[in-house]
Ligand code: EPU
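Next up: a single chain in C-alpha cells, the form predicted on its own.
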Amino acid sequence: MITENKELKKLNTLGLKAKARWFAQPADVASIKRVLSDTRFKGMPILVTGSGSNLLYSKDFNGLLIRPDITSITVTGEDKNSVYLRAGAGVNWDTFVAYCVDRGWGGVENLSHIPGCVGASPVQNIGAYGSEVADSVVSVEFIDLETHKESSLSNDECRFGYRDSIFKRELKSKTIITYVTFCLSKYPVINANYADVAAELSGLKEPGLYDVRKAIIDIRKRKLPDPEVIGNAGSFFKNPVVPEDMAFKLKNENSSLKVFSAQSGFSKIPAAWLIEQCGFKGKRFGNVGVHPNQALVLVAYEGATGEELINLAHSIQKSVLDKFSIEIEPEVNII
C-alpha cells in the first residue's frame, strides 16, 4: 500500500513532526520491486528507513520513503557448532535477539534492547558492550535502487568498521537491504568484559545467555530514556577514535577518563565523557536537551524541531573541539 503525505511523527523515535510526500511499506522483495518500478516515483529521491531510531528529520521529505516490512526468520543451515539464520529487514532487532537467546544461540545477546530493525543493523554495524553485529553477520542481501537487481555481499565485502560499513559509504542511498544472514553459536561464550555487565552478573556463578540479556536490558533501561516517554535516537554521537598517545595524555590529565583500545596505534574515547566535561549533561535548551543519565543521548521534548536539535549538536561539537581538540561526529542520519 502506498500512502501520500504520510505523517512521520510516530515513525521516528525523536518524535519530530515531518511528512513524506509518498510512503510505502512493502512486505516482500516482489513488492519492493513493484514500488521501485512505479512511474509516479521516477527521478524522485528515495529514503529507506526501518523503525526511524537513527533519523533526525530537519524538514519534510519530498520524495518516496520506503519502509521494508519483511518479517520472516528462517534457519538456513547448521553444523555441530553453529546455526545460520536468515532474517528479514523488517524484523524488530530486539525481537531477533530474543529469538536467538530463547533457543540458546549466542552471538547477539550483548546487543539486546538496541532499537531498530534487522535491516538497519549492518548499515552502521551496531555495537554495544564489547560486541558488534559484524561479529555474527554472514551476508547481506539487497536491491539496487537504480537497476532493481538483487545482490548479496559477504561479511568481508561489507567492509565493516566502527559504526561503519559499505552501506554508509559507497552504497549509501543506493540500496534497500532485504535480508541479513547470521551465524550464531550453539556453544556460546559469555562476554562480560565491560565493567557494568560484569558488575550486574557478579552474583551469578555461571551466567548464561538469559542472564546477559537481562543484565544488559536492565543497564540500558537505567541509563537510556524510553522513546515512548521522551523523544530520542539513542546515542547521538559516535565515540571518537584518536591517536593512542593523545588518548593516554588525556587520561593522565583526567583520572575519571576510561580509554578503550581501537585499531593499532589508536584508542577510543567515550564521547559521553567529553560532552559531560563540557557541562552539557542534564541541561535543557528550549525544547531539546541532553539526558541527565547519559550525556551521549540528546532528547527532544514536545514541540521540538529538527533545527533545534541540530543547533544543540553543533554547540556540543564546537565545545568538545575547543576544549579537547577532538571532533565528534553524529551517529544519527540528518534528513
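When you see a residue number, it is the position in the sequence shown, counting from 1. Quick caveat: nothing in here was measured; it's all calculated off a predicted structure.
Below: the form predicted together with this ligand, not depicted.
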Identify which of 196, 135, 211, 94 has a heavy atom within 4.5 Å of this ligand in the model of the complex; exactly one of them does. 196
Taking this ligand in the model of the complex as the reference, which of 41, 280, 266, 273 has a non-hydrogen atom within 4.5 Å? 273
Heavy atoms within 4.5 Å of this ligand in the model of the complex: which stretch among 95-103, 200-208, 120-128, 74-82? 120-128
Contact test in the model of the complex: residue 182 vs this ligand, heavy atoms, 4.5 Å: no
Just to confirm, residue 162 within 4.5 Å of this ligand in the model of the complex by heavy atoms? yes
Heavy atoms within 4.5 Å of this ligand in the model of the complex: does residue 220 have any? yes
Under a 4.5 Å heavy atom criterion, is residue 238 part of the interface with this ligand in the model of the complex? yes
Listed by sequence position, which residues of 274-297 have a non-hydrogen atom within 4.5 angstroms of this ligand in the model of the complex? 276, 281, 293, 294, 295, 296
